[in-house]
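In what follows, one protein chain appears twice in different forms, each by itself as structure tokens: structure 1 and structure 2.
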Structure 1
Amino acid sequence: MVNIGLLGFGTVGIGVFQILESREEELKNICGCHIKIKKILVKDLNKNRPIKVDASIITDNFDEILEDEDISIIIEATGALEEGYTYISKALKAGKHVVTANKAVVSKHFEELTELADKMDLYFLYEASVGGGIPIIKNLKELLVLNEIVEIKGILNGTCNYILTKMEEGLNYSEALKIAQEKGFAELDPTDDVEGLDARRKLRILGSLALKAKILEKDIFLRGLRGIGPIDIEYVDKMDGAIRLIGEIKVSQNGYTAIVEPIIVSKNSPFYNVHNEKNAVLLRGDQVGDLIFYGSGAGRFPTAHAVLCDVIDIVRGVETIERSLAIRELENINKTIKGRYYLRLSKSSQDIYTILESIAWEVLHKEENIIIMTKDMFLNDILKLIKVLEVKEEDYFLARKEG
């Protein structure tokens, strides 16, 4: 018997519980033993829950789980940053393996928690923290045995992708966001998603693993979807393209670039037909070439499935306990990021038009909105110019053309 302490009983926690119940015999056949949730940590013991659970296994006291010697694996599914970190670090120090879907905790404390697990000779697994149900972390670790990863590129946030899909169907940004919130894809405060913070956390995790270096959130240039409007969807569609919020890390001889930003993808891009809440990640290895991973980036059962795949790996002992992560020192060269950019400004005047015309490869529109495709330019130079023109963030939209 393998006993689990489940921390949190929201969307992911309930999914874990339901899958374990429905697949009990299959798991026993695969693992050679029963896997059972012995205790569930909740905030409110009296809360009405959508599924029936034996009241004897529910507790609001974390120490009750921590001090239970029969519990060998902790699943952290709270979604809370500080509480999640406390639970994970205490669990590891108490000699318990940990599985989590909490990308905020993994991103902020990645090296610390990995090193703590290494020191304690325990598993700290986090497949569900990136890409929901997509098995990206495990595959990336396996690729690293024979490959140097030279590029990571992907749609890492299902909420943004859902909003962009709905805007392509004719809705404006506010309408698309409202539907995303109603369906549970977006939080009441959608800042982490639409500003790109969530995608940046996931890229930080993937990048640190892939490059075997300490790639922090602050090392990743960030631009979200603020300012996007129906006119941008319309004009990009005329270019036979689509807008996607993409996280990208590229390695060169001089160092690496890391950015999350809107990108215009063409119809032959692997990201063009990625719609709704789906995620897609491209890994480019020096030996294996390009590999694409696609699937549900969020949701109760895809995320719970990823969590339980980690649990199965621990029970079967098929995963390798991670050792030191940051074994390389690489220079961040984000200042070299450049390309041809779609730029739309709602603030219009003859002086502004004259300035924008001087950097334009093509002028697409010049009436109430000025829309251009820039020449091949450094991103920093474009942003400096926008600042000089005193254009507010909500009055412009900028997206790099892929390729």
Structure 2
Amino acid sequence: MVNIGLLGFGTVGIGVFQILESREEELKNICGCHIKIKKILVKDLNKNRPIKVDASIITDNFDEILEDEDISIIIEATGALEEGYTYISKALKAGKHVVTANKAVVSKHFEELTELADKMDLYFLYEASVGGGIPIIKNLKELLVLNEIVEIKGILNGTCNYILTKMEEGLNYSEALKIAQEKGFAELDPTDDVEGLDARRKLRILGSLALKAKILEKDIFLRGLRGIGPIDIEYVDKMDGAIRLIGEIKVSQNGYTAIVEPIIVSKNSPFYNVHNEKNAVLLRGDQVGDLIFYGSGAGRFPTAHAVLCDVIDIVRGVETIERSLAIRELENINKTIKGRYYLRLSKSSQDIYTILESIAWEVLHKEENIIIMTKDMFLNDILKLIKVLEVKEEDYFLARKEG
């Protein structure tokens, strides 16, 4: 018997519980033992739960789980940053393996928790922290044996992609976000999704593994969906494109660039037909070439499935092919990020128009909104110009054309 302490009983935690129940026999056959959730940690004991669970296994006291010597694996699915970190580090120090879906914690404490798990000779696995149900971490670790990864590019946030899809279908931004929240895709604070913080955490995790360098959140340029409006969806559609929030790391001889930003993808891009909460990640290896991983980036069962795949690996003692984190130093060259940008300003005047015309490759619209495609320009220069024009963040939208 393997006993699990499950931290969190929301979208992901309930999914884990339900899959374990429904696949009990199959799991027993493949693992050679019964996997049982012995205790569940929640924040609010009085909350109404959508499924019935024996009340004696639910607690709001983490120490009850920590001190239970029969529990050998902790699944952390709380979403809490500080407490999540405390639970994970205490569990590892107490000799328990940890599986987490909490990318905020993995991103902030990646090297430290990995080292701690190594030192304790324990598993610290986090497949569900990136790409929901897509098995991206395990595959990436395997690819690293024979490849240098030179590019990562992906739709890494299900909520943003859901909002963009629904806006393409005619819903407004707030309606689309509300449905994404109801479906359990969004973070507790959805600003983390729409401002791109969640995608940046995922890129930090993928990038650090792939490049074997410490790529911190601060090393990744970030521009989320703020400012986007129906007019942008409409104009980009007229250009035979679609807007996607994309995280991208590129390695060159001089260093690496890392950015999360809205990108206009064309109909022949692998990201064009990625809809709703689906994610897609392209990995470019120097030996294998391009690989694209596609699937549900958020949602109860896909995410719980990823969590349980990690648990199965622990129970079966599968060797996870880890390459050391942060074993090389790479120069960050984000200042070199450039491209042709779609820029819409909702604040217009003759002066602003004259300035924008000077950087425009094409003027798309010139009424209450000014829309241009810029010449090939450094992103930093465009942002500086927007600052000079004193345009508020909610009064403009900027998206790079893929290519």
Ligand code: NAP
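Here, a residue number simply tells you its place in the sequence of structure 1, counted from 1. Rigid core (definition): largest C-alpha set, two forms, superposition within 1.5 Å. Here the structure is a predicted model, which means the values were calculated and not measured.
Comparing the two isolated chains, structure 1 is the one taken from the form predicted on its own; structure 2 is not.
Once you line up the core between the two structures, the Cα of N273 stays within less than 2 Å of where it was.
Comparing the forms between the two structures on their rigid core, the Cα displacement of K335 stays under 2 Å.
Core-aligned CA deviation for I30 between the two structures: less than 2 Å. CA movement of L177 between the two structures equals 2.3 Å, with the two forms superposed on the rigid core.
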